[in-house]
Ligand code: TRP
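Quick setup: one chain, the form predicted alone, written in structure tokens, and binding and motion questions come after.
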């Protein structure tokens, strides 16, 4: 079988891969979606179930995707072509590529909103109210298209630089910066009036809230937050060195994703209650405000209430944090179809990056003017598309390529894996537990 060549690119280091893969996993959902779910669905009880689901469902599927990628040295479509003569599974890979393209088309618009709000904070501080209002109008198609285009151009530039000089170099800068911003802002927020109410809401468990609905909500969040099912980790795995320990690398990525999500919750939920202490309404009826209202209404209102240089700095830094988190995800979303074009059509990287990126930008421009498409695309390609891809990857590993073949691939970097506890337990999860749990989640979505 083919392996990743230097022409395609490869990671310079394990740290580079871990930061890039963690960056793919850490996105806008981790920063605002996850904390709100924790606060509204049982506090630390939800957090505990989420951790269990991440390691019991997400981690085994991540190992599967990385194994497929490294063995084949290809993109999701080429990977299945390389590992089986079955004509169906390359279509599974193609479905993953399509999901990534469509998610990127609307994700860039939302990322543009976050980026625009960083400048809104500056305009508000300077008293340029008309400019601030223009930047916060999410229904303004021209504004949406303009900022989304800027965001897409930044993503294309990084991808066109290659795996080590583009993706790895960028994420080695952005991920530590992202973590640093979260930690500094969290320390500040925790010393503000009302913050401890948020800490209690976030960390005190209400075990009476644990029920099937909570469990499968947490499982869905865990699966989506790890970027599984769309081929991103197959693609990133194709650049992995044969000396790397795949289960260990996957564990590091999972811990990084969970850790950043936890830190984000420790920032966002106390910040909500700081806003309440400042007189800002954070509840709609008896429920916390939705994630979108939280980020684009409540927190900007808090920064404006704080006022002065402190309010300005907090506001700008927070929305830059969101922009960085979004960019680390858009990089992986674009890399999947770019790798497909490079591998399957023998197109040079720069040409592939600009061609694919500008092609997706056309869809993004449509979404910019028709933002109602965001909910539709999110449901089809994210809520349903990714878990369907995840189930089919499990089926492929379990019954087509076989778990023994995957474990043989893992032997490079993890000698004796078949005799280890991981080697004995992982096949059971991939064959039975993971697909059953993900299928239940898909059925729940339909219901």
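Take the two forms, superpose them, and find the largest set of C-alpha atoms that agree within 1.5 Å; that set is the rigid core. Residue numbers count along the first chain shown, from 1. What you see is a predicted model, and the numbers here were worked out from it, not measured in a lab.
Note that the form predicted together with tryptophan isn't included here; everything after this is about it.
Novice: Which one, 41-49, 27-35, 412-420, 394-402, holds residues whose non-hydrogen atoms are within 4.5 Å of tryptophan in the predicted complex?
Specialist: Answer to the contact question: 27-35.
Novice: Taking a heavy atom within 4.5 Å as contact, would all three of 224, 228 and 332 count as contacting tryptophan in the predicted complex?
Specialist: So, yes: the whole triplet contacts tryptophan.
Novice: Is there a heavy atom of residue 152 lying 4.5 Å or less from a heavy atom of tryptophan in the predicted complex?
Specialist: No, residue 152 stays farther than 4.5 Å from tryptophan in the predicted complex.
Novice: Contact with tryptophan in the predicted complex for residue 386, defined as at least one heavy atom pair within 4.5 Å: yes or no?
Specialist: Yes, residue 386 is a contact residue.
Novice: When the contact criterion is heavy atoms within 4.5 Å, does residue 340 count as touching tryptophan in the predicted complex?
Specialist: Residue 340: no contact with tryptophan in the predicted complex.
Novice: Answer for residue 232 alone: is it within 4.5 Å of tryptophan in the predicted complex, judged on heavy atom distances?
Specialist: Within the cut-off, so yes.
Novice: Considering non-hydrogen atoms and a 4.5 Å limit, which listed residue (175, 103, 258, 195) is close to tryptophan in the predicted complex?
Specialist: Contact with tryptophan in the predicted complex is made by 103 alone.
Novice: Note which of 80, 303, 107, 113 lies within 4.5 Å of tryptophan in the predicted complex, where distance is taken over heavy atoms; exactly one does.
Specialist: If I apply the 4.5 Å criterion carefully, the residue I get is 107.
Novice: So, does residue 389 move by 2 Å or more at the CA between the shown form and the other one, with the core held fixed?
Specialist: Stays below the 2 Å threshold, so no.
Novice: Answer yes if the CA of residue 32 moves 2 Å or more between the shown form and the other one after aligning the rigid core, and no otherwise.
Specialist: It does, since the residue 32 C-alpha is displaced 2 Å or more between the shown form and the other one after the core fit.
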